[in-house]
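Below you'll find only one chain, the form predicted alone, shown as structure tokens.
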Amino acid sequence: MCGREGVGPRPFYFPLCVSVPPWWILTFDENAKPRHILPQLCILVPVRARLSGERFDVAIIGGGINGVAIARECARAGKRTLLVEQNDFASGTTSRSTRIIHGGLRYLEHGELGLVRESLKERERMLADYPHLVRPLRFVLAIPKASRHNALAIRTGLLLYRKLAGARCLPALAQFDAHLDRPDLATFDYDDAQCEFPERLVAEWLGEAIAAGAVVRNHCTALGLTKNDGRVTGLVIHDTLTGTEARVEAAHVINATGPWADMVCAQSGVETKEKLLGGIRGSHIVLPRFPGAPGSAVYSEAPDGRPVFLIPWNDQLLVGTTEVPDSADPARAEPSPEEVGYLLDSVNHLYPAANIGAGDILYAFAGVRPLPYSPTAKPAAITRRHRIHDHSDDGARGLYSVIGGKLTTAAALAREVARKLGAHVPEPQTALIAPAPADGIEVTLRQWARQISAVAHIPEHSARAVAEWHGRRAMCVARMAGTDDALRHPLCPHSSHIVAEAVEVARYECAVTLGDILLRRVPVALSGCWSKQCTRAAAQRIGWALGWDQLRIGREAELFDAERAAFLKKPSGLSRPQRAA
């Protein structure tokens, strides 16, 4: 279904009588001998079948969390589904988020009770269905006493929020952060959730979509729509891996490209009465855990009154976010020096003794939120509720554009889209009860880790890492690792994650490039200590397992370093904390 052969060796195709996609590729050396035959296992990479002339019930453009969720829901409903993504799945806005699965506390201020209810329901479902990826998180709400939000209003809002959420099981904080116990701050606490790696959530949903019959293509650009008599009839797509173009027919097309939605319409000759989106850039900085750094998540106000989060993440501290109008190419979004200074100032305002400067920042990144076009509204006041725009009045019946949306409600959005296309999609049957205590999943993960460690012959800390990121497929990774010592090697010297994980995601999760693997499927390169030496080690170990020759290994390493540098910026030009203009 996905993937490409290595450069150089000639391929040999054969069917497999196992529960995997039907055609795979095994590379051979110049003497026609298999390059890699492991005990009980050959390292196999899926082949992309041609799509030209294929017909689908629904074609989805955009492989972020919304697009993947829609593909999963439509395929489950029995619709023949195609999903295309110009880069890699979850490589856009999804990977540039604050990584919170939140119930929408801040939406109460704008009276959006319906959105809060929906967000809380979806949060509970994700906590129940994906407990290895979505975990309960206790927040400290630290608000300056001089804020326009008085303590009574905050207590009332939190009471309503807890009432809407129902009972929770997180233990109360024994005491608030000592650094926030100050006379100028009013402190409260509340419960929410975090998905540290939404890229992994997208990968799991992608696997579920494929299992339900969806055809998916990353690194595949939609060049335009085909139309007949005012109705959309399909897509023209360009596969950047093979350099080929294909025309496919589709009864419906979903534009789920997020901040690129208006561009897709313009390129396809679909004129709307006004812009669909008004992009708002959100920037983040990632810091090391400095002395006195918060042990729990902190939700506070920046000096200008806008909300700011400080969240323990990936053994680091994630700080965000800004809200800056941005109408440029979303692919080129990056934090401005003013935004970096603004976030630094926010951290130092809460933790003045830390005296954090730009040189302390591990990296910064930015993404563009696909919010509805609202030129006169303040960014914070623009609704985060999604909507689905029907382009029938724009001369393109059968085309729908997704506006807005967020990590928390992506599954609800997908159900709504599938229903609009005529599918019968009942509400999920997951019992909406308080999730198990945080130590409940901890017990399960410890049990998994012991089992995986025994099967894979790896240390328990590596087994734990595999369990947390791969969930139900963790034992498949373990069995593969147990067949060869090279698959048990860490991806880089200081990582707990192993080469077998890279092979697994290449086989089952459409990872093609080194960037697909290290930034999104097994995202070890998001750590603050990643270096070019790590890249070289990982490229060699992954390349060996996947049958890449040295030319491709070198090329993949170079392309990966360039991709990571374009995504994760090292700020320059600021040496001391600076307040944004």
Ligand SMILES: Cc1cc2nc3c(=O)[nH]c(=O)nc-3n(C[C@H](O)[C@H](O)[C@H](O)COP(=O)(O)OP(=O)(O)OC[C@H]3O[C@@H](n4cnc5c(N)ncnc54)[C@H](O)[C@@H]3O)c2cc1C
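Since the model is a prediction, treat every value here as computed from it, not as a measurement. Position 1 is the first residue in the sequence shown; the rest follow in order.
The form predicted together with the ligand is left out here; the points below concern that form.
- In short, of 474-482, 461-469, 443-451, 407-415 it is 407-415 that has heavy atoms within 4.5 Å of the ligand in the predicted complex.
- Looking at the ligand in the predicted complex, residues Gly62, Thr98 and Thr321 each place a heavy atom within 4.5 Å of it.
- This chain lacks the partner; the member of Ser401, Thr81, Ser346, Thr93 within 4.5 angstroms of the ligand in the predicted complex by a non-hydrogen atom is Thr93.
- Of the residues Val368, Leu206, Ala502, Cys74, just one reaches the ligand in the predicted complex with a heavy atom at 4.5 Å or closer; this is Val368.
- The ligand in the predicted complex comes within 4.5 Å of no heavy atom belonging to Glu196.
- Contact annotation: Thr221 falls within 4.5 Å of the ligand in the predicted complex, judged by heavy atom distances.
- Put simply, Ile254 is far from the ligand in the predicted complex: not one heavy atom of it is within 4.5 Å.
- Although the partner is absent from this view, Ala250 stays clear of the ligand in the predicted complex, with no non-hydrogen atom inside 4.5 angstroms.
- Taking a 4.5 Å heavy atom cutoff to the ligand in the predicted complex, the contacting residues in 241-261 are Ala256, Thr257, Gly258, Pro259, Trp260.
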